[in-house]
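Given next, in structure tokens, is a single chain: the form predicted alone.
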Amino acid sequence: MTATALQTKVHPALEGSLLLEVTSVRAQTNSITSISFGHPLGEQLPSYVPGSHLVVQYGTGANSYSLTGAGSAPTEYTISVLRVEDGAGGSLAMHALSVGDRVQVSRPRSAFAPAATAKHHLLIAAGIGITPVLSHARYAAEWGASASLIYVHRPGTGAHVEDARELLGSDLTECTDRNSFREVLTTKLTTQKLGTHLYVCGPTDFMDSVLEQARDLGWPKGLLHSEAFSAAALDDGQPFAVNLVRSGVKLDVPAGVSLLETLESAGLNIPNMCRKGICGECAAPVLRGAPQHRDLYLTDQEKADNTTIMCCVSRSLDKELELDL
């Protein structure tokens, strides 16, 4: 891939972004590759909080990838990417990168930061979910914070296993089968000291099961944190109408067609990235009506306020929704 192969018009999700150079590419496993980006002139990059991610442009698309570093005074940003053969193409583009290639990269963003008041950080990761959790582990090692990690991976296929062992030592528990993980999780959830916060990342079903068990055992919601890489499949939903006040346009949104797709078909340029209700790029202000919130981005309070809708996955509980577009 040439140094300009990924450069086209800057994606809307990357306004104010950085043009960085690939400084290293190294295999973690047969399907996971770590890629580091640095400033072409060697300058220091903006710092970030643990658990942050980058948006990286490829062609006309853009994907977000978790940063694996601690975040303080970085000279490089490093991500680890799972190759997905039948995906949208982002992972294949990342795996095709070579040292010297230049790519458009957003400034770091975070919705998965460690809680400043936590007495202990219980980290739980499965598969590629190790990436943002590793950032937390590096932060804990750097600043002397109390942390432990349960890492679920198949034998011989775990990324960053040696990194985790070096960072956490005896505070790392590795599980290579479901039965051992269930036993370890139950023990950890029932023996944590007061003030422990839990952070989980991995496949949706995995995260849901961890969070459900924690809640069942009495963990308050405020102590539970998760980072989603994908959302569960959604049904087609009911048809509704959307009234765009500033545009003076009323549109019908059929069942099985998203609000975002409807707006795009009408010629509106709505910033978006994941199209799965995760990244928050396609947020639109609601003036009237009750959205059917199906995203993983808004907090429960923000959903209750009904002032914002994620156009890519959410719909309307009312027959008509009025947006400030």
Partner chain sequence: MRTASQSPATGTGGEPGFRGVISVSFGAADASADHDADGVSRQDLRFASANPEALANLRSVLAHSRVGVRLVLAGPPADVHAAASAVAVCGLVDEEITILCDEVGPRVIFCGHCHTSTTTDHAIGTDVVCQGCATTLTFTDHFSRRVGGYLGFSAHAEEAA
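Residue numbers count along the first chain shown, from 1. Predicted, not measured: the structure shown is a model, and the values here were computed from it.
The form predicted in complex with its partner chain exists for this protein as well; it is not shown, and the discussion that follows is about that form.
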*Give a yes/no on whether Leu194 approaches its partner chain to within 4.5 Å in the predicted bound form, heavy atoms considered.*
yes
*asked:* Is it the case that Phe206, even though its partner is missing from this view, gets within 4.5 Å of its partner chain in the predicted bound form, heavy atoms only?
replied: no
*Does at least one non-hydrogen atom of Pro155 fall within 4.5 angstroms of its partner chain in the predicted bound form?*
no
*Going by a heavy atom distance of 4.5 Å, is Lys250 a contact of its partner chain in the predicted bound form?*
no
*Though its partner chain is not shown, can you say which of Ala241, Leu189, Leu168, Ala93 has a heavy atom within 4.5 Å of it in the predicted bound form?*
Leu189
*its partner chain: the contacting residue among Val245, Ala255, Leu217, Val84 in the predicted bound form [heavy atom, 4.5 Å]*: Leu217
*Choose from 96-104, 74-82, 130-138, 220-228 the stretch whose residues reach within 4.5 Å of its partner chain in the predicted bound form, heavy atoms counted.*
220-228
